[in-house]
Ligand code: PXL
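Okay, here we've got a single chain as structure tokens, the form predicted on its own, with questions on binding and movement later.
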């Protein structure tokens, strides 16, 4: 019997060259059997990491118009998932989406910074308002730099103790979200993705092996696989494990071909991993 797939309103940008944002979110979630309905925040000729002068079309006025159309249709979304925002006004439009779909899973990937520094496109005003989305989210997926910024702490923290990370997870959850997942955590010389489930008072971590290369869009891939896995009914540690394992597999595959890092990970060669949907249990309780 036909079963309608879960639907996601994905409020993200679309970059033409360089695999990131909607160009990776659509295939990774589709491979998990999730229907993605894009709500583009901006259209870019390339991502902003090293391609020179980017052509960018801000779509701030599109977002509320799209929401009004969905309201007229009485269209249901199982999840609303926000990411890169092109202006502080888009915070208001995301809040409107979340308010209308208040019973849907609300996922916020607070795309602001990485490696201790804010992105050039993320203004101080936009960063200051990101907590408004975090307050109403069910799940957030910051990297360690973004987690520190949301908490008002110094973002450049290359190596932190697990005790401090647990403090970060709890403090971020106290802002609003029931589930907090922080990526790119380095502790005692090892790399982890870590998570906290407030409802069950449990902390989880998934270790991974570092590769000497940095690719754009990896945070988008992680968050979309994690969200898709949760929507399919996986537990938080299983979902974290699947997202971590897939990303490590994709990064290692890409690195072996010595491609231009600006092109992102070779997603096309790796999607079978998600279609096969392995159950992985390499997570650890913190």
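Quantities reported herein were computed from a predicted structural model and do not represent experimental measurements. Residue numbers count along the first chain shown, from 1.
There is another form of the same protein, the form predicted in complex with the named molecule; it is not shown, and what comes next is about it.
Enquirer: Using a 4.5 Å heavy atom cut-off, indicate which stretch of 225-233, 63-71, 250-258, 40-48 touches the named molecule in the model of the complex.
Expert: Flagged stretch: 40-48.
Enquirer: Sort through 181, 137, 144, 111 and report the residue having a heavy atom within 4.5 Å of the named molecule in the model of the complex.
Expert: Looking at the other structure, the residue within range turns out to be 111.
Enquirer: Though the named molecule is not shown, can you say which of 186, 208, 119, 101 has a heavy atom within 4.5 Å of it in the model of the complex?
Expert: Only one option qualifies, and that one is 119.
Enquirer: Do residue 81 and the named molecule share at least one heavy atom pair within 4.5 Å in the model of the complex?
Expert: Flag for residue 81 set to no.
Enquirer: Would you classify residue 265 as touching the named molecule in the model of the complex, given a 4.5 Å non-hydrogen atom cut-off?
Expert: No, residue 265 stays farther than 4.5 Å from the named molecule in the model of the complex.
Enquirer: Just checking whether residue 217 would be counted as a contact of the named molecule in the model of the complex - the rule being heavy atoms within 4.5 angstroms.
Expert: Residue 217 belongs to the contact set for the named molecule.
Enquirer: Closest heavy atom of residue 11 to the named molecule in the model of the complex, within 4.5 Å or not?
Expert: No - in the model of the complex, heavy atoms of residue 11 and the named molecule never come within 4.5 Å of each other.
Enquirer: Enumerate the residues of 13-33 that have a non-hydrogen atom within 4.5 Å of the named molecule in the model of the complex, in sequence order, or give none.
Expert: Counting only heavy atoms within 4.5 Å of the named molecule in the model of the complex, the contacting residues of 13-33 are 13, 15, 20, 21.
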